[in-house]
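Shown below, as structure tokens, is a lone chain in the form predicted on its own; questions about how it binds or moves come after it.
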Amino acid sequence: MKEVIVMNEEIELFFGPQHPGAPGNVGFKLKLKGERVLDVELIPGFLHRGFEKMMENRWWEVNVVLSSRYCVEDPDNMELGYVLAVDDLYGVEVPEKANHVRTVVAEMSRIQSHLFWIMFMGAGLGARYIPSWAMAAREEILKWYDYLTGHRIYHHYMVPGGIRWNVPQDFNERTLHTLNTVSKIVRDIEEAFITNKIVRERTEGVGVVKGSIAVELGVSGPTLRAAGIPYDIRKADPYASYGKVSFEVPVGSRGDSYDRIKIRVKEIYESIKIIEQLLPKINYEDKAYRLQLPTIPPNGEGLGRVEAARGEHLVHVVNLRSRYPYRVRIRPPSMPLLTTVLKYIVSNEEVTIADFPVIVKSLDPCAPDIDR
């Protein structure tokens, strides 16, 4: 008869950053008793690059190149946050055409970010067919970016005062073709993944964060909306062209990992709806797409606040009449997800070591944005 070993003592386990269940270049110190996770501590610093300090030593317009590199999955919303802050510093309103195109580019970034997340979530749940479908759809958007900007991953298309160059004459047709291709694949993903029995069993009632608790933990974005709070900066404080389109804010009820899956899929459809409404508004004969701004901005401060794919991305800039920023401060959305939220979940649920990667993936943190 085999001896049964019962683990009653508490042990510490280092999880990540190479572990396939980790969300990127971060680690966690887990306190375990048997298979249950009792506590979690974030260990950052594996990808520290000092972007904020680097931006203080580069010209305002050159910093666009750095502004998108906080999060490779959603570069254009990062970029938009920075250029909005600089626009605010200059005290200018960019041309309407630039606002429309900026919004289209930002929503494309949201779609491809959510698709990237679906790849990770599918792989983490053992649904190996899902990553292939999600990456096939994302590839169509990367090809669209290459067509518009000349780059696939980081685009540097938005600049203070507008957009870097005018859109091509076939922009409308090319964009609609890409969206049609993507939406067909997303419908397949929704049918095969969202309704999958194993996916539901692994995620329903797991990693619950609901209502006002999510607000107290500093959560924003899809995780907040999955918790039942219908807050979206695009609605609450419209920027770019969001005030000129109609779209819904998907909201969950249970605040669990499954709700977070459903919310992001629904948001892809809403992003497509936003883009389809904006395309007819773009005047292709209008040559005004960028303001020529003075080399040195006025003395003062500027603030850019956007609803990025993971939540509120805030950029604060300060200038002392210089060619270079005096200070650039970024408040990214991922830090609460990897700290207060995870601690709350493991303190209030019986989270096993098998559940932990699923919960982390469902939150969709972007590890690099905490090591900026």
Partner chain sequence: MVIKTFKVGLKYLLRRPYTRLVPDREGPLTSDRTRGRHVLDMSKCTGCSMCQKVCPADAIQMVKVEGPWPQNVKKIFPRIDYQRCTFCGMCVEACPFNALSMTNISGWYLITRDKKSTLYNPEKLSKVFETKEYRITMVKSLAEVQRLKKEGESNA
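Positions refer to the first chain, counted from 1. The model shown is predicted, which means the values in this text are computed figures rather than measured ones.
Only in words, not in the display: the form predicted together with the partner chain, which the text now covers.
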Q.
Checking a candidate spot here: are 234, 282 and 303 all in contact with the partner chain in the predicted bound form (at least one heavy atom each within 4.5 Å)?
A. no
Within 4.5 Å of the partner chain in the predicted bound form, heavy atom basis, the matching stretch of 248 to 256, 86 to 94, 207 to 215, 162 to 170 is 162 to 170
Students should find that, of 268, 148, 293, 278, the residue having a non-hydrogen atom no more than 4.5 angstroms from the partner chain in the predicted bound form is 148
- Find out whether any non-hydrogen atom of residue 139 is located within 4.5 angstroms of the partner chain in the predicted bound form, and reply yes or no. yes
* **Contact test in the predicted bound form: residue 116 vs the partner chain, heavy atoms, 4.5 Å** => no
task: Considering only heavy atoms, tell me if residue 59 and the partner chain come within 4.5 Å of each other in the predicted bound form.
output: yes
Under a 4.5 Å heavy atom criterion, is residue 196 part of the interface with the partner chain in the predicted bound form? yes
Checked 182 to 207 against the partner chain in the predicted bound form; residues with a heavy atom within 4.5 Å, sequence order, are 185, 188, 191, 192, 195, 196, 197
